[in-house]
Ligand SMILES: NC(=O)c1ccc[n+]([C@@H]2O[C@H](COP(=O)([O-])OP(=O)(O)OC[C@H]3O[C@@H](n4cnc5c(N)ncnc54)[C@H](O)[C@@H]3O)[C@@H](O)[C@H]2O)c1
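Have a look below at one chain only, the form predicted alone, in structure tokens format.
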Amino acid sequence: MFSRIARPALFLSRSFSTSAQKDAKVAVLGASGGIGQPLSLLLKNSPLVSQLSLYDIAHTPGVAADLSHIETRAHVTGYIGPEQLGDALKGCEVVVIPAGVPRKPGMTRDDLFNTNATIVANLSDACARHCPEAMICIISNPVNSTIPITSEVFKKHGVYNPNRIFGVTTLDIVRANTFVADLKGLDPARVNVPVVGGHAGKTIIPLISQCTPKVEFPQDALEALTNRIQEAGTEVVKAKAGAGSATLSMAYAGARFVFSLLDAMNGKEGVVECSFVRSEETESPYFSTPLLLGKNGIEKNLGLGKLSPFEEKLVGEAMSELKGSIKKGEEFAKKVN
């Protein structure tokens, strides 16, 4: 029986394992950027990936050439500019999209909307045309809006499958695990905190009551921890002082999610990750919860489980902002040709 909140083992050590793996072609759209480069490096290191297709509007040939010298299995190809996007996507089973502009001090994820919404809509359109059955993993912010955009674009092409479109919220889980481990003196690799809701501010809801191993905090400490998890992205933006947002930790989290997905696609049982997806678990049409992954994407939505009164309050408070962001994404998508 799988654990409801199981998490992958230390994925980097597994990435260098020599166990037999099926061939998988993975594309990174935005591969030359701050997230795209370290993400591509992590994917190149994994035996789960046989072909790595890198796309961006600049510098991709150099990134691809650099990575291609690494002595691992994945064959790397680089594509540059819109005219090569279709070739980059053909035959892909998983597409990861970190493309877009990063946050700067004083900006919210929503401030990125106009630029990143257009980028995601265009890239999603290409995916719907060239690899409609691929697993689509969206990192580009604001995820609460870019996932509805991707869904609406796929609907327009008549190829929409809600079980194959994922908003990557894994960084919220990674941060929650790290912060809890620091406070309790635990090994962070052994800690797992499900994080539900969305991927911005108060829509990020860590379920500390469901943490494994079980941990407890006084209410004031719990509120402070929850706030830190919700605002951790801003913590990095401020620390980088205008030089960008979370890139290395996001690349780690994105790779973790992709490896879990590939494991599940290869037939591994009991693979569970949280992700922002089409959902009927709450009144919000999209919501992040733990998902059992399988060969065809989402095998089962594991739902919210038992919430504490504090967590129930957080879910209720997040709904208005979450539904507003979703609606904004859907309305944007309607205007896209």
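Model, not experiment: these values are computed from the prediction. Just count from 1 along the sequence shown to find any residue number.
Beyond the structure shown, there is the form predicted in complex with the ligand, which is absent from this document and is the topic of what follows.
- Each of 98, 139 and 199 comes within 4.5 Å of the ligand in the predicted complex, counting any heavy atom.
- In the predicted complex, at least one heavy atom of residue 56 sits within 4.5 Å of the ligand.
- Within this chain, residue 297 is remote from the site of the ligand in the predicted complex, having no heavy atom within 4.5 Å.
- Remark: residue 246 counts among the residues lining the ligand in the predicted complex, judged by a heavy atom distance of 4.5 Å or less.
- Proximity of residue 177 to the ligand in the predicted complex falls outside the 4.5 Å heavy atom cutoff.
- With the partner omitted from this view, the residue of 173, 168, 149, 258 that lies near the ligand in the predicted complex is 168 [heavy atom within 4.5 Å].
- Interface residue among 265, 153, 250, 88, judged by heavy atoms within 4.5 Å of the ligand in the predicted complex: 250.
- Remark: of stretches 111-119, 177-185, 155-163, 222-230, the one touching the ligand in the predicted complex is 111-119 (heavy atom within 4.5 Å).
- The partner is not shown here, but in the predicted complex the stretch 30-49 reaches within 4.5 angstroms of the ligand through a heavy atom at 30, 32, 33, 34, 35, 36.
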